[in-house]
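Only one chain comes next, encoded as structure tokens, the form predicted on its own.
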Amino acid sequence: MGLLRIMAFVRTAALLLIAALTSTPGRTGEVHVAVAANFAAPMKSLAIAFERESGHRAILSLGATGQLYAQIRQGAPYHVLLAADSNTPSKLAGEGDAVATTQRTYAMGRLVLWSRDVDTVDAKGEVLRRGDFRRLAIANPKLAPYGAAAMQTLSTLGLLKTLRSKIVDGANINQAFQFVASGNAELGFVAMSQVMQAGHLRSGSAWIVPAHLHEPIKQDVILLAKGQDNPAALALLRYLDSRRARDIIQRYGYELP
């Protein structure tokens, strides 16, 4: 192991030790967390549990991963990023805006084709081949990894050219979900966490997109440069590895790495 890698390892160990010493209830602090929109619901549950167990408060800012990246590069005061991919955290680390040694996968996302109508989406997604709908909502594939996965799915199925004129882009996965929930689009590609919990569909009809139809949605967390000396940020990173946190993440339909 080279000297630089040893130094990085020692620094990470020191950060985690600080987190362990400062995460006890009574020593309160705040951590500003940039959260990929697909992870909004579980992160809100995690923030409540985190505050109850550590005493620290997590302040959440939601958006497409690409939007959050741009905000961080422009100096947004975030301490931790929970992205919907692994490339963005790596890129931020390479640009000096994040601590590379803290990057790790916190969840594996699943893409779902969903409609609020109980009869629209069949169990095999054949509705896409029939094409008997006007609008198909997806998140902006240039900004949102779930949108990119949706486009990959259509391409793998050989349907991208046929359906391109029906696609409507949401700024992020939450807006794509709202397009479908409001009826402005008959169906759309959304995150499993938005429509399923504990393995049950909340409403409507859905097709869980087989994982082989798109690249894995590997969601990584990373400590940002502005959070290096923030005990609450370090405590949150530590908390995400706890059994309690992992149970919450799984309840919202995510797979664990």
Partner chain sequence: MTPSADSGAAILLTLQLAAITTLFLLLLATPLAWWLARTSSRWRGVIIALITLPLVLPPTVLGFYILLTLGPDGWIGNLTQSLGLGLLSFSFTGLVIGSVFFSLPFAVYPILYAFEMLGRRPLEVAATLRAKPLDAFFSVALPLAKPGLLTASVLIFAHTVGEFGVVLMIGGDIPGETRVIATQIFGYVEAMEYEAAHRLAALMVAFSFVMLMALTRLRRRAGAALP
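Numbering follows the first chain given and starts at 1. On a predicted model such as this, the values are computed, not experimentally measured, just so you know.
As for the form predicted together with the partner chain, it is not shown, yet the points below apply to it.
With the distance limit set at 4.5 angstroms and only heavy atoms considered, check whether R73, R135 and L143 all reach the partner chain in the predicted bound form. Heavy-atom distance to the partner chain in the predicted bound form: all three under 4.5 Å.
Does V168 make contact with the partner chain in the predicted bound form, using a 4.5 Å heavy atom cut-off? Heavy-atom contact with the partner chain at 4.5 Å: present for V168.
Even though the partner chain is not shown here, does R110 get within 4.5 Å of it in the predicted bound form, heavy atoms only? Looking in the predicted bound form, residue contacts with the partner chain do not include R110, since no heavy atom lies within 4.5 Å.
Considering only heavy atoms, tell me if F179 and the partner chain come within 4.5 Å of each other in the predicted bound form. Although the partner chain is absent here, F179 would touch it in the predicted bound form, with heavy atoms inside 4.5 Å.
Whether G66 contacts the partner chain in the predicted bound form should be assessed with a 4.5 Å heavy atom distance threshold; does it? G66 belongs to the contact set for the partner chain.
Where does the partner chain sit in the predicted bound form: which of 101-109, 123-131, 169-177, 147-155, heavy atoms within 4.5 Å? Selected stretch: 169-177.
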